[in-house]
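As structure tokens, one chain now follows by itself in the form predicted on its own.
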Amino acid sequence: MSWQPVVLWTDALIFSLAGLILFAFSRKHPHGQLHDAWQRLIQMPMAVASGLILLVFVVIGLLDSLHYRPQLPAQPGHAPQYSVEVISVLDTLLQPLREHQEKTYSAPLATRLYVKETMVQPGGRVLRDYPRLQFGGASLLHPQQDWQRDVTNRIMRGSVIGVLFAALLAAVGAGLLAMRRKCGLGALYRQLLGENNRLPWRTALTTLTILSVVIAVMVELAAAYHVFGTDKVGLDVLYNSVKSIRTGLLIGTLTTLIMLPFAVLLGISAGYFGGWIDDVIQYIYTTLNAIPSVLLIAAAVLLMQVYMEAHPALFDSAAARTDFRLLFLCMILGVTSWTGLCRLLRGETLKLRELDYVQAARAFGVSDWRLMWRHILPNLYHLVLISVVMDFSGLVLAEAVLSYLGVGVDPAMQSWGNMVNTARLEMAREPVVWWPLVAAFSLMFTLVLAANLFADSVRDAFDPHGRQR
């Protein structure tokens, strides 16, 4: 085997979560309130558009979670040896961006460095000028004359490829939908154009086309240029920005998985049982809220660093160390962020336990835990789902803030927070190096905006009280 698979803790958790989601959607659910809410969600144009954008980020994060060690060049008479460096499938796909390292800063789509250097001409004359990049625009013989035409051609070619790829995906999707509805493509086309059709297929097709064109244009430009420029050590900023997607997604999803059991169990228990149980739970989350979360996270991160330094044998690679710190940060954020949802579920449970059907079930001798599972929890699904989706964007921003303060993910791990932390020093340069900050902010803004818009759609679809009848 030319590669050795490596499964990090976060890889196992994220793929377990993906498997559970696919299993839940693959089951045939009976018609009911939850089923109707999902039907309303997929009929909302904003939910479809933001969901497709989030799907692109999720696919990138999953590709970056498939890690392995490549095999070193074989030596006769020796067993296969594997590299100590752990890379992902995304690294392999972005190998040109990862390996095309320049000397230092270069602006987006530039052909020369951003700083002047002393150069010796063939005749012995010394002058200071902007040297040519080693990889950016290397195929151009005369950059000043050919750059604009080459960039325009690549943008046009990428746009055509993107439109064709979107048309192919639309054709495949139409074929699958026709198979599900057991009709021909002509009949499906008439159904989509009919007045009774509620699927926002125009929004889906437009969003899919825009995403395909943007990605195809980026691929075409990245083949010959540094689309977002390079940083201080000459690394491609686009590569660092794309690699940071996994970190943001893991912070948002794993933290939610950790805090959700605490919030649901303690919130429902406090509202249903009341008395001393309610007092104890309220005391716990009130005490946690009284402690500044940044100080608690900083103290926990320091303890984790001491543990890692005391047990270096537990981490056989740099990827294992950074992964352990990321997982520990998710745990700390989960422990400190469950209180808001817990308080919300407690208040709603206080109202639900007084309803007639709950009192009737209690009078018939239904156990407390069965009553909470069958009658209380199903009426809280919409609150849990809405809170989880809306908290996702806040957790992505929290990672950026914590990394900026120096208590976030490992500095060796690509993340938007680390990019912003580095960019604050670059903004003080003259001339200003602005593109790392813009690149990190653009992707983070896109992810957070899509998550917020999707959360609004989830709230409208699942909230039975806020929906207009």
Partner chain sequence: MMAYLIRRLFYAVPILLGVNILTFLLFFVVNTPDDMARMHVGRKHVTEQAITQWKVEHGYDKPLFYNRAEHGVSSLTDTIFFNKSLRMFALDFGASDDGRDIAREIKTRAGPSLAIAIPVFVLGLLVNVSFALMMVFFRATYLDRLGVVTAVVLMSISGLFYIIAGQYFFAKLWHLVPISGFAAGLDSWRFVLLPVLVSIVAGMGSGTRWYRSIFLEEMSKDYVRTARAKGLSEWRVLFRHVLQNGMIPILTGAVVVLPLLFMGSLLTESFFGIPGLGSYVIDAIQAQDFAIVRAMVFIGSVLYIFGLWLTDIAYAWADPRVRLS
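Only the largest set of C-alpha atoms that superpose within 1.5 Å between the two forms is called the rigid core. Everything quoted here is computed from the prediction, not taken from an experiment. Numbering follows the first chain given and starts at 1.
This protein has a second form, the form predicted in complex with its partner chain, left out of what is shown; the following refers to that one.
If the criterion is a non-hydrogen atom within 4.5 angstroms, does every one of 83, 93 and 219 touch its partner chain in the predicted complex?
Contact check failed for every one of 83, 93 and 219.
Which is the contacting stretch out of 224-232, 211-219, 144-152, 304-312, given heavy atoms within 4.5 Å of its partner chain in the predicted complex?
Within 4.5 Å of the partner lies stretch 304-312.
Scan 134, 71, 289, 139 and let me know which has any heavy atom within 4.5 Å of its partner chain in the predicted complex.
Looking at 134, 71, 289, 139 one by one, just 289 meets the 4.5 Å heavy-atom criterion.
Just one of 295, 119, 179, 350 has a heavy atom within 4.5 Å of its partner chain in the predicted complex. Which one?
In short, 295.
Heavy atoms within 4.5 Å of its partner chain in the predicted complex: does residue 87 have any?
It does not: once its partner chain is placed as it appears in the predicted complex, residue 87 has no heavy atom within 4.5 Å of it.
Flag residue 445 as yes or no: does it have a non-hydrogen atom within 4.5 angstroms of any non-hydrogen atom of its partner chain in the predicted complex?
So residue 445 counts as contacting its partner chain.
Using a 4.5 Å heavy atom cut-off, state whether residue 404 contacts its partner chain in the predicted complex.
Looking in the predicted complex, residue contacts with its partner chain include residue 404, since a heavy atom lies within 4.5 Å.
Using heavy atoms and a 4.5 Å limit, would one call residue 397 a contact residue for its partner chain in the predicted complex?
Because a heavy atom of residue 397 falls inside 4.5 Å of its partner chain in the predicted complex, the answer is yes.
Do any residues of 411-440 have a non-hydrogen atom within 4.5 angstroms of its partner chain in the predicted complex? If so, which ones, in sequence order?
Sequence-ordered list: 420, 424, 427, 428, 429, 430, 432, 437.
Using the rigid core as the reference frame, would you say residue 310 shifts its C-alpha by 2 Å or more between the shown form and the other one?
The answer is yes, as the C-alpha of residue 310 shifts between the shown form and the other one by 2 Å or more after core alignment.
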